[in-house]
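Before any questions on how it binds or moves, here is one chain, the form predicted alone, in structure tokens.
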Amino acid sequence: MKIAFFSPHSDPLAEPGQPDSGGQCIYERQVAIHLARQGHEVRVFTRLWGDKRPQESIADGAAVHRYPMGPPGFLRKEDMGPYIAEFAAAVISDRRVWLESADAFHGHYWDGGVSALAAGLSLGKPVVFTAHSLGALKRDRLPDPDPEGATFRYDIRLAAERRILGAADGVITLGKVEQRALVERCGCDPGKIAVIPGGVELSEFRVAGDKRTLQRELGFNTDYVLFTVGRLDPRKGFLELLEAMPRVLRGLADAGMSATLLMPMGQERPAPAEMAYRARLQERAKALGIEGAIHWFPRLSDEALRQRYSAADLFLCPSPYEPFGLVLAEAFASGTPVVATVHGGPSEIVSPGEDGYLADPEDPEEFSSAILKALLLPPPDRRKMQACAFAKAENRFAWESVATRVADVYRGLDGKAG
């Protein structure tokens, strides 16, 4: 099959730490790679900006094609609405011959869904949509701080998602929480929804035989190492995590123990919003008196990232709302238990008491209690939790099986269009 991915804001080859890089980009890249390994041809259409090249290979059989869209430089995904028609027209004009021979168009996030739908209707091709983060659920957890709604532009996003869901021939969702919302809140036909979680490339991660030894090699000398990662964005919950840390550190001190929290500080040249958020985090850590327990790290290489996943005693996902939580699957693949937000997809990934715990990051006492519960387990129980984490990654989140199930959705569209 020939498959076209439409994803204006989420470049599958985005570097970690770049604006709007993250789990969705990894998802698109890995699904494209594994579809190509299974003999399919994948073309990903995304926005051209910065010093990116117009065309780049992802793997044999998979490539990314970039097109100008709107003003130069970085453009927030929330602000892409007025330029999506321009993007879709550029893709169709340049790649019409290939698109006319494609079997399915797959739109990622609402901006990708709109452009895939426009191209699909223009060329008579079936359309699949993956929201990655559903606007209605995100708005529940993250109301727009701007009275005019200009920060998240939920009015545009929710209207677009409803139209896409009504017209799409197939819908892939990463979890059952979103599946229910698609039906109950967006009116999506349940018969065209497939639930397929994201995945992890198991061969790229490793389980440390001795976490303590690896921690010492990396220069961390406390009793425990806590790890969190992500772009500098209030939606990642790093500020909420800092609010929980004083209770964690006091609880450990009462037991005669200490911990280091590994916190991201973003890319070398952050955007103004990222720089402002970094300053807020550092100022709050100082005000809370916990800056001595924090190791701020710059953007990590892939190898350094995997080392920290493997070395950590606990991975933390404090997002007020997390649609899926690919980072959790990556932590599990490293044999690292998690404490994750109870809001969104992690509730379907984490088995409390087996491979981690769930808690509300907006309740510092609840989140800190979950962290302490995981850290202060007897050593045999902590080792058992680590083994359970890896077993879940191995059994549920291998990318090869994810791509196979996605391909099955495309095959089921035979004869459908629009």
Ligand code: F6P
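All of these numbers come straight from a predicted model, not from anything done at the bench. So that there is no doubt, residue numbering starts at 1 and follows the sequence shown.
Unshown form predicted together with the ligand; subsequent notes refer to it.
The candidate site formed by His9, Ser21 and Arg235 is fully in contact with the ligand in the model of the complex, as each residue has a non-hydrogen atom within 4.5 angstroms of it. When the ligand is considered in the model of the complex, Tyr109 lines it closely, a heavy atom lying within 4.5 Å. Shown alone here, Lys138 lies within 4.5 Å of the ligand in the model of the complex, counting heavy atoms only.
Not displayed here, the ligand is approached by Lys77 to within 4.5 Å at the level of heavy atoms in the model of the complex.
Shown alone here, Ser133 lies within 4.5 Å of the ligand in the model of the complex, counting heavy atoms only. With the partner omitted here, the stretch from 125-133, 82-90, 204-212, 308-316 that lies within 4.5 Å of the ligand by heavy atoms in the model of the complex is 125-133.
In summary, among the residues Arg231, Arg153, Arg278, Arg299, the only one with a non-hydrogen atom within 4.5 Å of the ligand in the model of the complex is Arg231. Using a 4.5 Å cut-off on any heavy atom, the one residue of 144-163 that reaches the ligand in the model of the complex is Arg157.
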